[in-house]
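What follows is a single chain, given as structure tokens, in the form predicted alone.
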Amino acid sequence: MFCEKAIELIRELQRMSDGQLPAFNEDGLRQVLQEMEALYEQNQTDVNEAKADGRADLIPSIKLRHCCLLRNQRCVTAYLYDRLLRIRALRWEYGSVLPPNVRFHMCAEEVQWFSQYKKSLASFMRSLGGGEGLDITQDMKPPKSLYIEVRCLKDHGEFEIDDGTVILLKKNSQHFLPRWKCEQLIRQGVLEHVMS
């Protein structure tokens, strides 16, 4: 049946919850493109035959295949666009370095797009704040307090805060730090916010 493989690509994305990136389905995408090529070639043959022999009985099948081509095109575009939106959201969630298990699910072109997006966002953030730059990825939710208590989940090494104090982040150590300095480490899984 026409368009089934394209619809399966969309269903694959729907099965994943928000914020998760399924593995890039290169095989499914290739099958859809092959189907589109076959539909296009069959349409070209029928159009040439309809023009040459004046066969009006071929027009409904030409229109049907053309509609299938358009539907496949929309499904492929929706699949790729939705993946880019998810990858863009991952930049805001994880920061500029993606975890290996997330990066594993991306194709080479998506990795390249992520890199370009990351550079564009960094360039934009540098242009804000009167030459000093402004990290707009911090404080995704308005903070209730400027300092929070955090527990280190793994050894991270030395961590310097604004006043020049250097803190050694060792596994299971607890610290009272400025929220904006440790929010990125919380997203990366180095620290966890301790709720009292």
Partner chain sequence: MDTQSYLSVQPGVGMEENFLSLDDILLSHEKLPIRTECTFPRLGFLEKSSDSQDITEGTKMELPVWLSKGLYEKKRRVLSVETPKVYREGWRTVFNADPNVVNLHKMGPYYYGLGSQMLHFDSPENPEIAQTLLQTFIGRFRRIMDSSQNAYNEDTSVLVEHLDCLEKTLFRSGQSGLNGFQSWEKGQASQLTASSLVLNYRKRKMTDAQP
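Treat the numbers as computed from the prediction; the structure is a model and nothing was measured. Note that the rigid core is defined as the largest set of C-alphas that superpose within 1.5 Å between two forms. Residue numbers count along the first chain shown, from 1.
Heads up, the form predicted in complex with the partner chain isn't pictured, but that's what we're talking about next.
- Residue contact with the partner chain in the predicted complex: residue 171 places no heavy atom within 4.5 Å of it.
- Remark: residue 71 counts among the residues lining the partner chain in the predicted complex, judged by a heavy atom distance of 4.5 Å or less.
- Although the partner is absent from this view, residue 49 contacts the partner chain in the predicted complex, with a non-hydrogen atom inside 4.5 angstroms.
- In the predicted complex, the partner chain stays beyond 4.5 Å of every heavy atom belonging to residue 126.
- The candidate site formed by 17, 154 and 189 is fully in contact with the partner chain in the predicted complex, as each residue has a non-hydrogen atom within 4.5 angstroms of it.
- The partner is not shown here, but in the predicted complex the stretch 2 to 23 reaches within 4.5 angstroms of the partner chain through a heavy atom at 2, 3, 4, 7, 10, 11, 13, 14, 16, 17, 18, 19, 20, 21, 22.
- Once the rigid core is overlaid between this form and the one not shown, residue 171 counts among the residues whose Cα shifts by 2 Å or more.
- After superposition on the rigid core, the Cα of residue 20 moves by less than 2 Å between this form and the one not shown.
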